[in-house]
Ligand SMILES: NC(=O)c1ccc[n+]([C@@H]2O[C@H](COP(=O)([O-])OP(=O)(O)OC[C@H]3O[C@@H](n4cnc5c(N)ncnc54)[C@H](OP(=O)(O)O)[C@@H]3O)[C@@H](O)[C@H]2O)c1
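To begin, one chain is listed below as structure tokens, in the form predicted alone.
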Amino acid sequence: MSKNSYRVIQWATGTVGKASLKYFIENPVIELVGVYVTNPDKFGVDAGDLVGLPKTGILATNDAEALIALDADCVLFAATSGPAILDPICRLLASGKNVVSTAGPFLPNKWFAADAEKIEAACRAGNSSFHGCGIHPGFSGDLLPLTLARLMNRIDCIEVTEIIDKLRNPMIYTEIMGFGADPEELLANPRRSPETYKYFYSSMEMIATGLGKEIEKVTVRLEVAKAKNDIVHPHGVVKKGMVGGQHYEWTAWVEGAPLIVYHFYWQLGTDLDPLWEEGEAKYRVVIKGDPPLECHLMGGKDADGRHPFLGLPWTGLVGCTVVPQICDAPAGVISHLNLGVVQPRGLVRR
């Protein structure tokens, strides 16, 4: 039976974590009971101060053991993705806390069977539930297209596209991702591994399963765009002729044909050759079939009339809004297909 309120711990307070922390402080259905941070500048800082809200009396801490020992219904786990997240997630689950993780792992997923076994064992030990989520994977690349599929008579192919202008929406890993590199060198040694699609596989498989099909294989393609002139960005300069745009494409094949295609267009402005996407930052779902369908998901306009990229805060909010359902769900790994229609609570308030 649903509870009137849920005791929640916010784990990490980067861009994603701050969005969820603000949500938890302001939502009347949630009682914030703890905040985990790793930045020494945040130790002992009131949770409200971290997000520009009135003080809450909850102080941020790096004492993981104390938080694991806390009485809480759920943890919103927003630490940086990587192998190191598995142990704390499993410890939290085994302590009896449900976990919603924006960092993954995104399950079920055949490529990470060992991770799934550890998480399922921790869920059994703590009688708890786990849900990996995000905007992509976790919403725009699976739940949204599968929902839109109900408007179709026949589906030939589903294409999901992420478009980010990294000049307007600067990110600290611009150089790490290969912007400014020699085009031929980046094509030979992509910064985003050809194996990266495996982390998104649960989303592709969710669509295929929802349509009653099985994925046979996934193919990967990368192309780059060159800067037509020097491009100055907040973290440096991309010289003329160097990489100023990247297009990653992952295609899931079903019955010998492409059924699900993920596109990622990352561009530093528009002074590029070629310029694939001139539009605003967005997620776009195109379903080819009968009748053809196209849906654009973007943030509301800023003061300058342009649409901001909200992928990171959305990642946090997708996790927040599902907390009550994950707490009320049976123990184990919970996917969108288990949840049915999520009914967010506490959002309408004056």
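Numbers for residues come from their place in the sequence shown, where the first is 1. Model, not experiment: these values are computed from the prediction.
Although it is not shown, the form predicted together with this ligand is what the next lines describe.
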| property | result |
| --- | --- |
| Full three-residue contact with this ligand in the predicted complex, heavy atom 4.5 Å, for T13, N39 and H136 | yes |
| Heavy atom of M204 within 4.5 Å of this ligand in the predicted complex | no |
| Any non-hydrogen atom of A79 within 4.5 angstroms of this ligand in the predicted complex | yes |
| 4.5 Å heavy atom contact, V285 to this ligand in the predicted complex | no |
| Residue contact check: A252 to this ligand in the predicted complex, 4.5 Å heavy atom | no |
| Listed residue that, although this ligand is not shown, lies within 4.5 Å of it in the predicted complex (heavy atoms), from L93, A103, I260, C74 | A103 |
| Selected contact from L312, L297, I58, V29, since only one has a non-hydrogen atom within 4.5 angstroms of this ligand in the predicted complex | L312 |
| Candidate stretches 95-103, 207-215, 223-231, 260-268, one within 4.5 Å of this ligand in the predicted complex by heavy atom | 95-103 |
